[in-house]
Each structure stands twice: as structure tokens, then as C-alpha cells.
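The chain that follows stands alone, in the form predicted on its own, written as C-alpha cells.
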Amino acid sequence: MIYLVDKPHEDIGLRTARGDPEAIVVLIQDGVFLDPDIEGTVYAVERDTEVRGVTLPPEIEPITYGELVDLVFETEVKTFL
């Protein structure tokens, strides 16, 4: 499952994702400021990082909005925006 996480709802979003062994977390909008301690794949929307001047740690992969759309169509999604 994909978890779209923005900063205002980080607690519930990341707590929910930690309970899912197949979680894919996508940090979006101000969520790109987060450095989640989570097992699994973590992406950050590249455009959101650029606008906010964020440099991602190596364990967080950048993803374009186009790639995110493709991922959303392939996988079930929960949003925490």
C-alpha cells in the first residue's frame, strides 16, 4: 500500500505505515521535511523538495509527480494530507 504523508498528519500516517510490512511511503508537500524511521521504500516528491530547498538523505528516493501517478494507479493508496 502507498501512504501519502504530509507534515501536518505525519504521526498517524507514519504510525499506520509502520504496521504495514509492504508499505511504500511518499512524502508530499511539507512532508518532504520529514526523515521517517520506517522499514521499506520511502520516496519524496522531487518538485516539492526543489521548491522547499530540501536535500534528501540517501535512503529517500526522489519521485516525480508523473511517477507518483503511475504508482497510484498500480497500488492501493492511503492519504494523510
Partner chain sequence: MSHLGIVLTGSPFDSERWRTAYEIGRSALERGHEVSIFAYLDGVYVPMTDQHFEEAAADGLYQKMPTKLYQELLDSGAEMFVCGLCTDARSVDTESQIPDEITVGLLPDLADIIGEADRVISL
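Every value quoted in this text rests on a predicted model; they were computed, and no experiment measured them. Numbering follows the first chain given and starts at 1.
In what follows, reference is made to the form predicted in complex with its partner chain, a form of this protein that is not presented.
Although the partner is absent here, residue 42 lies well away from its partner chain in the model of the complex, with no heavy atom inside 4.5 Å.
In the model of the complex, its partner chain lies farther than 4.5 Å from every heavy atom of residue 24. Under a 4.5 angstroms non-hydrogen atom cutoff, its partner chain in the model of the complex has residue 72 among its neighbouring residues. The closest non-hydrogen atom of residue 66 lies within 4.5 Å of its partner chain in the model of the complex. Contacts to its partner chain in the model of the complex (heavy atom within 4.5 Å) from stretch 36-66: 47, 48, 52, 65, 66.
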